[in-house]
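Okay, so here's just one chain, in structure tokens, the form predicted on its own.
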């Protein structure tokens, strides 16, 4: 079963609006410019914007009365199942092996395998996955002060 983009977009926009409304009740931290509501509010705003874009795109493609649900072809179901399995395996590997191997190595492996599987171009996928891993690590460790498990890289980071 395939759900129309306009319906998914409307649900995402609604969910983003609920998130923004809910984080308004988070406490304000004295002496800081931002509080615990910053990231959920940003994510909620992104969901509203992208959900609205999906509604507009879905409506433009389907005309005035879109079919909200349809049955996709068999290869699309298999491809979607593989994508879902990839996400579950990625999260499970981070939970099970994050402390032992290290978040940076696992993130690099996850990004590289996903990009190679999707695009199949090593000249682009490998440098992009390295750059995104460094960006992700610097964002969490330096900017957000969130310690990531370093595992095998403990002596180097």
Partner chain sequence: MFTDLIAAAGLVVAPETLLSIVVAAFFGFVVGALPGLTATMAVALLIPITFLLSPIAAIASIVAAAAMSIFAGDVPGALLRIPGTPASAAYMEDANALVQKGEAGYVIGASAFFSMLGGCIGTVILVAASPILADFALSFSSFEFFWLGCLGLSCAVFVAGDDLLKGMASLMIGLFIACVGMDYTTGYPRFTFGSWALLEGISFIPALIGMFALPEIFRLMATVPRVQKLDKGDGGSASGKVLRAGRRYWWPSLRGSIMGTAIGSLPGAGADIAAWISVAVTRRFSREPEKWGKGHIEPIVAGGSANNAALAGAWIPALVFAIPGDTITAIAIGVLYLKGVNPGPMVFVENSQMVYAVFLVFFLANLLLLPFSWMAIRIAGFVLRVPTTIIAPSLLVLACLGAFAINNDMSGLLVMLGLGALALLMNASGLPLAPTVLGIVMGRIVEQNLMQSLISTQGSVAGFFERPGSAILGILTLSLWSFAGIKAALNRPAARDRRKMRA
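What you see is a predicted model; the values in this text were computed from it and never measured. For clarity, a rigid core is taken as the largest C-alpha set superposing within 1.5 Å between two forms. Residue numbers count along the first chain shown, from 1.
There is another form of this protein, the form predicted together with its partner chain, and it is not shown here; the text below is about that form.
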Give a yes/no on whether residue 3 approaches its partner chain to within 4.5 Å in the predicted bound form, heavy atoms considered. yes
May I ask you to state whether residue 153 is within 4.5 Å of its partner chain in the predicted bound form, using heavy atom distances? no
Give a yes/no on whether residue 148 approaches its partner chain to within 4.5 Å in the predicted bound form, heavy atoms considered. yes
Is residue 131 near its partner chain? Define near as a heavy atom within 4.5 Å, in the predicted bound form. no
Can you list, in sequence order, the residues from 79 to 101 that come within 4.5 Å of its partner chain in the predicted bound form, counting heavy atoms only? 79, 80, 83, 84, 86, 87, 88, 90, 91, 94, 95, 98
Would the C-alpha of residue 148 be classed as shifted by 2 Å or more between this form and the one not shown after rigid-core alignment? no
Exceeds or equals 2 Å, Cα of residue 114 between this form and the one not shown, core fit: no
Superpose the two forms on their rigid core, then report whether the C-alpha of residue 123 is displaced by 2 angstroms or more between this form and the one not shown. no
